[in-house]
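Read the single chain below, which is given as structure tokens and is the form predicted on its own.
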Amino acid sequence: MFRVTRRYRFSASHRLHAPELDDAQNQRLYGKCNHPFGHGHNYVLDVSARGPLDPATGRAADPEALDALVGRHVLAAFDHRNLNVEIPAFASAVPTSENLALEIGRRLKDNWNTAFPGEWPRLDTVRIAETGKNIFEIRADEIE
């Protein structure tokens, strides 16, 4: 099995604020990320596919097909957006990077067969770096 990883970049803003908590609790929990006007990040997204080597092509996954899938269902939706306001999934979930990785993973899983109609490759992991220190990863089999 090979794992093929492609890297993407997008910028988005968000405010971390849980509506079931009061303002003081949100401030303690999220600190500067709870700023009322939000803040932005230049996210780095790694999407990995897993599959066997195809002897005919010498590839485990077509990187152009992966690029098209991510471009259509992730980058077009999230780049230069206010996650709290413009992404319906975050109407009921705090747009933490964990929830962002989960939402990206759901979108990729839901549309995977349009890009890769066969048994292989399969989505393996979604990894998102919010900053140089904050990196979050979820395996495809952990995505509901």
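Source: prediction; values computed, not measured. Residue numbers here begin at 1 and follow the sequence given.
Note that the form predicted together with another copy of the chain isn't included here; everything after this is about it.
### Message
Just checking whether L53 would be counted as a contact of another copy of the chain in the model of the complex - the rule being heavy atoms within 4.5 angstroms.
### Response
Yes, contact at 4.5 Å.
### Query
So, in the model of the complex, is W112 in contact with another copy of the chain at a 4.5 angstroms heavy atom limit?
No, no contact at 4.5 Å.
### Task
Find out whether any non-hydrogen atom of E119 is located within 4.5 angstroms of another copy of the chain in the model of the complex, and reply yes or no.
Looking in the model of the complex, residue contacts with another copy of the chain do not include E119, since no heavy atom lies within 4.5 Å.
### Query
Quick one: does A68 come within 4.5 Å of another copy of the chain in the model of the complex, counting heavy atoms only?
A68: no, not in contact with another copy of the chain in the model of the complex.
### Message
Can you list, in sequence order, the residues from 76-97 that come within 4.5 Å of another copy of the chain in the model of the complex, counting heavy atoms only?
### Response
Read in sequence order, the residues that approach another copy of the chain (within 4.5 Å, in the model of the complex) are D79, H80, R81, N82, V85, E86, V94, T96.
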